[in-house]
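Take a look at this one chain, the form predicted alone, written out in structure tokens.
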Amino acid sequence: MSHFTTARPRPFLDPAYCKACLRCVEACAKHCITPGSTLNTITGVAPVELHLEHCTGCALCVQACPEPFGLRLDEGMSHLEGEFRLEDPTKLFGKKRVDVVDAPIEPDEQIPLPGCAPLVLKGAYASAIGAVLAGCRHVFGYPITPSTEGAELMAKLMPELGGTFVQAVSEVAAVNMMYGAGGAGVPAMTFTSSPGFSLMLEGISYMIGAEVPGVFVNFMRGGPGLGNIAPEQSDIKLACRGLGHGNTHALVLAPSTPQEMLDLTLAAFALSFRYRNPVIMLGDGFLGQMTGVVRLPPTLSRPGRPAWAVWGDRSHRHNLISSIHLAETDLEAHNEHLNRKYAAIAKRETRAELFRCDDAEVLVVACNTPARMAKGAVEVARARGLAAGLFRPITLWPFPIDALLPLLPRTRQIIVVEASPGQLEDELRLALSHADRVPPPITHVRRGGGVLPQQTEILAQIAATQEAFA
């Protein structure tokens, strides 16, 4: 075990942070600090000057300094006088003096659940219960229809489970609370809807940059602007391509039933900590409000404590959660690291459901609640002798292109069904382009403003396509 050094480090000064208040001059018993005589052109003040020949390392000057980054102590770092230094937070205080370099990871514990009859739950409630079973005890949010029921249930459950629910003053506040909880290594989540999700994007970008886990359950509603509270798939492009400035991606899961709301919320927490990255649960407004039969899993999780967490104990004292990399080469290296992580997610975590796709000539692509209408249309089409199938992406980012490509040789037409003006189709086309594949003709059934595509509309499009083949 290592020990603190007995030698007293001497102070050094970052002139850019000096306010020339002269408190350090008054505090120094050895008169090692004098008022400055040279103006710092960056700050417009004359920083104090250090003369450390008689310095005893008492650190009274550091204690007197009102600016935490002005006078500092650090072993092995020489006194710098009159030189402006711009440093990253990871390097600001030099090598950390701790006994333990890496704390061991405390693994999650799986606890058996007693048997339970199936429940009939709203999608928002199912997601909340999934979060509880995943070990989430920190929930932050702001009410917004049609997601409020999930937050309301968590507000009731968290105090009973020794957890915390905070109704923040805004979505901006909520996402920053998630940053703090996630940085401490504890599972945290929020429920929101489209306008609230937009307000969270800056915080999500910070979480991605700082590699902080967290789960965002977004029930999409009509837009743009405040729009209305009816269901739409308005945020697909936002979740897949617009999570913040720079190189930002997060797994985007698209459930279609209350059972999947529970199952995928459970999975979202595991994925979020596996990759130290936010995960987006993207439902539509109907899915948050509709009820369905939900079966609970056989176990629940008791989360451990990851080694990277900023927990506040001695073992984790060296850790830092930050999205700042001021040196260009450092930021480039960090982005290359993020790209490797994104590639690993794309390779390992894509999901899709294939229904009657083995011999399908017409492939319907749909997700969320519209996928349920699409599945009904495929079943009716099959009963009429039409070779139709449903491809349902469950991960919208990364798009499950590897599951789709084997179907294309026998597919004569793709029909994209969505409650948006082409956001899902754009993801499909972009994935096909990156795979360097020319798809069969693509048509679509689209509705907007809170109106969902109907089974009859989808069936009519399938039938029209088959007639064109003949």
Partner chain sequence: MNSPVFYDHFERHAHGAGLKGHSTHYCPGCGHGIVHRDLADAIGELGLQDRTVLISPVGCAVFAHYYFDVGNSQAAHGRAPAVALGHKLANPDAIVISYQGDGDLASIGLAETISTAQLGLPITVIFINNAIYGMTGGQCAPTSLIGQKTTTSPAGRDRAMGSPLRVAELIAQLDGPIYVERVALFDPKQRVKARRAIQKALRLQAEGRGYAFIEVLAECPTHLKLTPELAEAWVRDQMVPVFPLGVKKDLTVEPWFHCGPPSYDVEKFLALVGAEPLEPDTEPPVPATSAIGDLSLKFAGAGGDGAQTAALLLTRAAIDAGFDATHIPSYGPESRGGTSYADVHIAAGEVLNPAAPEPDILVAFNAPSLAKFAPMVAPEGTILYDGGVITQLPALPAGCRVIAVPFTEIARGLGRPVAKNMVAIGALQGATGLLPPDRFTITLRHLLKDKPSLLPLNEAAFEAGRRAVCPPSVPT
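Positions refer to the first chain, counted from 1. Rigid core (definition): largest C-alpha set, two forms, superposition within 1.5 Å. Predicted model only: the values in this text are computed from it and were never measured.
The same protein also has a form predicted together with its partner chain, omitted here; what follows describes it.
Ala27 is the sole member of Leu50, Leu432, Ala27, Leu407 with a non-hydrogen atom within 4.5 Å of its partner chain in the predicted bound form. Ile111 is the sole member of Leu226, Ile111, Ala333, Ala343 with a non-hydrogen atom lying within 4.5 angstroms of its partner chain in the predicted bound form. Residue heavy atoms within 4.5 Å of its partner chain in the predicted bound form occur in exactly one stretch of 137-145, 233-241, 394-402, 335-343, and that stretch is 137-145.
Taking the partner from the other structure, its partner chain in the predicted bound form has a heavy atom within 4.5 Å of a heavy atom of Gly183.
The closest non-hydrogen atom of Tyr275 lies beyond 4.5 Å of its partner chain in the predicted bound form.
By the criterion of a heavy atom within 4.5 Å, Ile33 is excluded from the residues contacting its partner chain in the predicted bound form.
Using a 4.5 angstroms threshold between heavy atoms, Thr291 counts as touching its partner chain in the predicted bound form. The partner is not shown here, but in the predicted bound form the stretch 283-313 reaches within 4.5 angstroms of its partner chain through a heavy atom at Gly285, Phe286, Gln289, Met290, Thr291, Gly292, Val293, Leu296, Leu300, Ser301, Arg302, Pro303, Val310, Trp311, Gly312, Asp313. In this overlay on the rigid core, Ala435 has a C-alpha that sits less than 2 Å away from its partner position between the shown form and the other one. Superposition of the core reveals a Cα shift of less than 2 Å for Leu405 between the shown form and the other one. Comparing the forms between the shown form and the other one, the C-alpha position of Cys21 differs by 2 angstroms or more, with the core used for superposition.
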